[in-house]
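First comes one chain, alone, set out as structure tokens in the form predicted on its own.
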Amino acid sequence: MKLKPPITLAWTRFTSCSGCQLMLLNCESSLAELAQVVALREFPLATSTECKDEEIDVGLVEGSITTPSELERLLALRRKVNLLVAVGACALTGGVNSLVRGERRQAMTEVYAGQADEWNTFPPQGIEHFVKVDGQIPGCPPEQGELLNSIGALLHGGWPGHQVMPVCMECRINENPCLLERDCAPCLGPITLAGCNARCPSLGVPCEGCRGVVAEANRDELRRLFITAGLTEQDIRHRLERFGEAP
């Protein structure tokens, strides 16, 4: 579906840090041009305006769903947007919010103490668990170019192509030393979707897998490498569950 500019856009935030919104606002050299083709109806970091009952061309969703009230807002948004796009790891898989181990009530008590019972929450989940999602922009946060390319592609009736290779290939292209082989670091680059230009490994930080699992990921081989690196079975399982489904 080709959208006629200016397209109406609503950016809705649920449980998140607002980092995905900030990445788009940091595209300073492109914002003036973007303003010519996009009409903002909601964008918490940029305007206090909230979209009401009007129909919206594109809804960008940041954050995981953790409360009944958030779920109600998501369902209402889905009813009034033509295209719904999940932005960032929290909206795709639950993100950082879902990394808490153990019983949720215990975690709530540790954080909120006596006020824990006042909060009606459930384990953080990506929005696709609840509604149809028309597009995804991965990352924690997404890359600036991906955000701009996605909006530009929608204006032309399509969706940008995504990388199908793992972050490991970007490390090879950048001639980075392999942190897994050299340092026995628990790097998730072999099974993580590329597109970030190996941002973390290029700085000597093991890949956390925030972009999600690449198609046909070879978890068995990565498990073998982790065992060689000295990780326990429990550590391996927890590592492979980050920002994605359990193996």
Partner chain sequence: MTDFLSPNYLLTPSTLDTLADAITKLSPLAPQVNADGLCRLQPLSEGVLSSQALSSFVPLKKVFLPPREKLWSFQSGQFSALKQPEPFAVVGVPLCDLQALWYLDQVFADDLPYQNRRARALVVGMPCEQDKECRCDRQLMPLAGDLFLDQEHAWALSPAGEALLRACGAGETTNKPLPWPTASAGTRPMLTEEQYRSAADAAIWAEAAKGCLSCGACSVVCPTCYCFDMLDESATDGSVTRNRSWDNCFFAEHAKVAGGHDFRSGRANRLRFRMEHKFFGFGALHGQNSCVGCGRCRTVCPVDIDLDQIATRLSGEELA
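These figures come from a predicted structure and were not determined experimentally. Positions refer to the first chain, counted from 1.
There is another form of the same protein, the form predicted in complex with the partner chain; it is not shown, and what comes next is about it.
Colleague: Choose one stretch from 43 to 51, 204 to 212, 58 to 66, 27 to 35: the one whose residues place a heavy atom within 4.5 angstroms of the partner chain in the predicted complex.
Modeller: Heavy atoms within 4.5 Å of the partner chain in the predicted complex occur in 27 to 35.
Colleague: Going by heavy atom distances of 4.5 angstroms or less, which of Cys140, Leu84, Cys168, Leu74 would be at the interface with the partner chain in the predicted complex?
Modeller: None of the others qualify; the residue that does is Cys168.
Colleague: From the list Thr109, Gln125, Thr121, Asn176, which entry has a heavy atom within 4.5 Å of the partner chain in the predicted complex?
Modeller: If I apply the 4.5 Å criterion carefully, the residue I get is Asn176.
Colleague: Does the partner chain get within 4.5 angstroms of any non-hydrogen atom of Gly114 in the predicted complex?
Modeller: Gly114 lies outside the contact set for the partner chain.
Colleague: Find out whether any non-hydrogen atom of Cys200 is located within 4.5 angstroms of the partner chain in the predicted complex, and reply yes or no.
Modeller: So Cys200 does not count as contacting the partner chain.
Colleague: Would Leu148 show up as a contact with the partner chain in the predicted complex if we use heavy atoms at 4.5 Å?
Modeller: Contact with the partner chain, yes.
Colleague: Would Pro190 count as touching the partner chain in the predicted complex under a 4.5 Å heavy atom rule?
Modeller: Taking the distances in the predicted complex, the answer for Pro190 is yes, it comes within 4.5 Å of the partner chain.
Colleague: Check Asp183, Thr232 and Asp235: does every one of them have a heavy atom within 4.5 Å of the partner chain in the predicted complex?
Modeller: No residue of the spot touches the partner chain in the predicted complex.
Colleague: Could you list which residues of 205 to 223 come within 4.5 Å of the partner chain in the predicted complex, counting heavy atoms only?
Modeller: Heavy-atom contacts to the partner chain in the predicted complex: Ala215, Glu216, Ala217, Asn218, Glu221, Leu222.
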